[in-house]
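A single chain, nothing else alongside it, follows as structure tokens in the form predicted on its own.
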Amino acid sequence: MELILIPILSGLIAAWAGKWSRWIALLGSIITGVLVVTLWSQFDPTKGFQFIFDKPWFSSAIHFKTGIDGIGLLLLLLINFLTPVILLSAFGKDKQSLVFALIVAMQGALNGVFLALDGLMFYIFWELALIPIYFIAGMWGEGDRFKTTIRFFIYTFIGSLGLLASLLYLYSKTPDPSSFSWEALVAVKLSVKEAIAVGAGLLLAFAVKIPILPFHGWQPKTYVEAPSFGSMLLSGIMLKMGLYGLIRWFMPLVPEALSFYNPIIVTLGIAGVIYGAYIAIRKKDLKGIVAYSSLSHVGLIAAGIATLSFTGLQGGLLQMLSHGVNAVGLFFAIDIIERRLHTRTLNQLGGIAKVAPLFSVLFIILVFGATAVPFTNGFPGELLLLKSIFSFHAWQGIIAGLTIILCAVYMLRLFQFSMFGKANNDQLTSFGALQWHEALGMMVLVLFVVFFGLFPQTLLDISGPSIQQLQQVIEQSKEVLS
């Protein structure tokens, strides 16, 4: 409960705290992160769900039920590691108190998503997490922000209706006393036709949020036109809700339909890898490049998860963390460039490395992580994902493997054009050194890139037993069906 209440209460206080809002929000966010680390130190990966909180809400069927297993713990570590960094990225700006309040409130809602062990509570936090980013994009975005935000809202709202409909149907099938608990919903046995129908509603919600082709229409413009801290929240944190939904809710709730849906998810995910990379190569806007690279990366993650292999699930979880860190780092760096040079167009940049060597070193390490260079955080997860897809289908694995080349093309192009070459911006000489909050935020992200590139087993040991237990639940359901 504290992981939900502390950031939400911090947000409420920060909204009225004036000049102290950023510090109150940062303090609440850090305290929540410390609590997550404390839970990690007490967590036993072999024991399944732990730290259970279960209280009836307004009926015996609806409980406020939360708990943590290795899968959820990894996502909690990601959320509560990145939120203070995102708050730091907003420091030094003339921002209203509401900005910091919304960021930290979103942290609390997202914690609820990854803690929920009740279907209705999962849905409620799923919707609550949408509210802060809706206002952030709508109030502080650029361009045609109103139209972009409405498109984002419509996509996610329609997906959420599918999620709610599927959960209600499963609830109606639970034995008396009916329950929305994860265990009760997982225990429901459906016919193949029922499972395909229920799975369609679940998959719609998760595919939109990830996003998977062709449900990505909201994503590029929203990422580009949102303020940089909004882009960080969307790409670094929020899209993980959809990937987590595939693992925690879609696969164990409709195992009867996985033989139907998983090949489709793998195919669409790989299509996203190629499509996102192709558009990223052609883009000249820095945020646009990272937005489409995100589409490419999450396509690979979704495809690996859908193989339902231990390797694919482990690689997917590991890459979810790595992508979150790398995406936040890239948007952070782009925000620093844009605020100093008032542009993020490649052909208007160049020569930054000469006047900001520390920034360029930190930036290239983040680029290496996103490109999955060996001994960076992006490499182990991508290797596991490609191995799982190749084992699932050799030709699909070969096509997915093109991401190694394509990602290097657009990421190294992004770095080369912005950091080197002829400087054609008159303000380059005043680029200046990094401010303390910028240097601190980027150094923390770089530390993650390097440490978990060298020691990925630290994360894999957390999720491994929980993945095996999840696979057993799915296999047992398939055996009952047969």
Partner chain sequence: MKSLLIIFLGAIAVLFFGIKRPERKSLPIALLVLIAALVFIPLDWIAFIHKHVPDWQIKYVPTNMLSWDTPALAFSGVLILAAIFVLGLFSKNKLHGADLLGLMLFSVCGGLLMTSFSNLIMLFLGIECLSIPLYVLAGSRKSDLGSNEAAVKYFLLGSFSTAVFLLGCAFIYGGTGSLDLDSLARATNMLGHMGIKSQLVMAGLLILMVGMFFKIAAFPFHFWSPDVYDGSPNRATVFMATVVKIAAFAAFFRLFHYAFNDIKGWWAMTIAVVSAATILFGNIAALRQQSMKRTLAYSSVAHAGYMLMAILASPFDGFWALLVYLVAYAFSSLSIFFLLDRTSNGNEGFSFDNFNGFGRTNKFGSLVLVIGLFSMAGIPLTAGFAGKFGLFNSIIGTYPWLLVIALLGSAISIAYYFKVFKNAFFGGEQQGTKLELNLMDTVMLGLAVLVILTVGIWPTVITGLQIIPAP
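Given the structure is predicted, the values throughout are model-derived calculations rather than measurements. Numbering follows the first chain given and starts at 1.
Keep in mind that the form predicted in complex with its partner chain is not shown, yet the notes after this line are about it.
Find the only residue in F417, W57, F49, F451 having a heavy atom within 4.5 Å of its partner chain in the predicted complex.
Result of the distance check: W57.
Heavy atom within 4.5 Å of its partner chain in the predicted complex - the one residue of R248, K287, R145, R340 that qualifies
Going through each option in turn, the one that passes is R145.
With the partner absent here, would I24, L35 and T38 each sit within 4.5 Å of its partner chain in the predicted complex, counting heavy atoms only?
Judged in the predicted complex, none of I24, L35 and T38 sits within 4.5 Å of its partner chain.
Quick check on V446: any heavy atom within 4.5 Å of its partner chain in the predicted complex?
Because no heavy atom of V446 falls inside 4.5 Å of its partner chain in the predicted complex, the answer is no.
Considering non-hydrogen atoms and a 4.5 Å limit, does its partner chain approach L73 in the predicted complex?
Residue-level check for L73: no, no contact with its partner chain.
At 4.5 Å between heavy atoms, is Q96 in contact with its partner chain in the predicted complex?
Yes, contact at 4.5 Å.
Though only this chain appears here, would F114 touch its partner chain in the predicted complex if you measure heavy atom gaps against 4.5 Å?
No, F114 stays farther than 4.5 Å from its partner chain in the predicted complex.
Among 161 to 169, 363 to 371, 323 to 331, 185 to 193, which stretch sits within 4.5 Å of its partner chain in the predicted complex, heavy atoms only?
Comparing against its partner chain in the predicted complex, the contact stretch is 161 to 169.
Counting only heavy atoms, which residues in 130 to 162 are within 4.5 Å of its partner chain in the predicted complex?
Contacts from 130 to 162: I131, Y134, F135, G138, M139, R145, F146, T149, I150, F153, I154, F157, I158, L161.
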